[in-house]
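The form predicted alone is given below as one chain in structure tokens.
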Amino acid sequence: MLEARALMVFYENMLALNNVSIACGEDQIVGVFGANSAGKSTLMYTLSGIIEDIKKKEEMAGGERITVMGTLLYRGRDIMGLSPSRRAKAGIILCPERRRIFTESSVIENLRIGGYLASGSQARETLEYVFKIFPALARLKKRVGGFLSGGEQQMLAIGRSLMAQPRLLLLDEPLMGLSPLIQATLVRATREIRDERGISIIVTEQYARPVLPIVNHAFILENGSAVLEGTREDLMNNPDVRSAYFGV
């Protein structure tokens, strides 16, 4: 479905991504793990195209110069030059780090905003599905986003992303700052989204342990470079990886 080859991103003279190559196939969940500042969010911005918007804004403001290099194939097509809106229309949807919901809008308003790419029938069907996998949101339809708990906001962020009809869903650190119980709920929902909707998923996290049971393949990022990849079994059998990223 998606294959990135030799991605490189420079912020002025700082190398944020260094020759990173990853792939995600149909109906797969791929994990990307790494410490803070390892390059996870830069990778997600590059895959989704958001980096192009950031680059243009910096150029207009006379800020830091951003350079993006490499090859990005989606369903066999080179999309490196596509804008984030065109990538979204093609089915690449980013659920960003720290949720970034509309805090002054209600739950149902947030979800409807997410459905701007969907037809009426798609929006209605997907809304029902979001309430099925996140029953808490169904009970909070009219609550303003800013008054939701952190876990509820993350459910809403994922639900809003589903409303955009993704074929490839990019989840950037969805478990950050959440309790183990909420983390388990979100991990279970992520697997159900893949199994029930046939949506491929790339998920980044600082700690791999909660996500590891559901990934098909995983990559470790360190200082902007992909230093290791393999199946979940490969990574769990590596003592250095177990110690650094799995907490065991």
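This is a predicted model, so every value here is computed, not measured. One-based numbering along the sequence shown.
Quick note: we don't show the form predicted in complex with adenosine-5'-triphosphate (ATP), though the next part is all about it.
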Per-stretch contact check against adenosine-5'-triphosphate (ATP) in the model of the complex, the hit in 195 to 203, 208 to 216, 30 to 38, 182 to 190 (non-hydrogen atom, 4.5 angstroms): 30 to 38
Answer option from Glu64, Asp53, Glu26, Glu222, heavy atom within 4.5 Å of adenosine-5'-triphosphate (ATP) in the model of the complex: Glu64
adenosine-5'-triphosphate (ATP) contact at Leu235 in the model of the complex, heavy atom, 4.5 Å: no
Contact flag, Ala16 vs adenosine-5'-triphosphate (ATP) in the model of the complex, heavy atom cut 4.5 Å: yes
Interface membership of Glu152, adenosine-5'-triphosphate (ATP) in the model of the complex, 4.5 Å heavy atom rule: no
Heavy atom within 4.5 Å of adenosine-5'-triphosphate (ATP) in the model of the complex - qualifying residues of 117 to 146: none
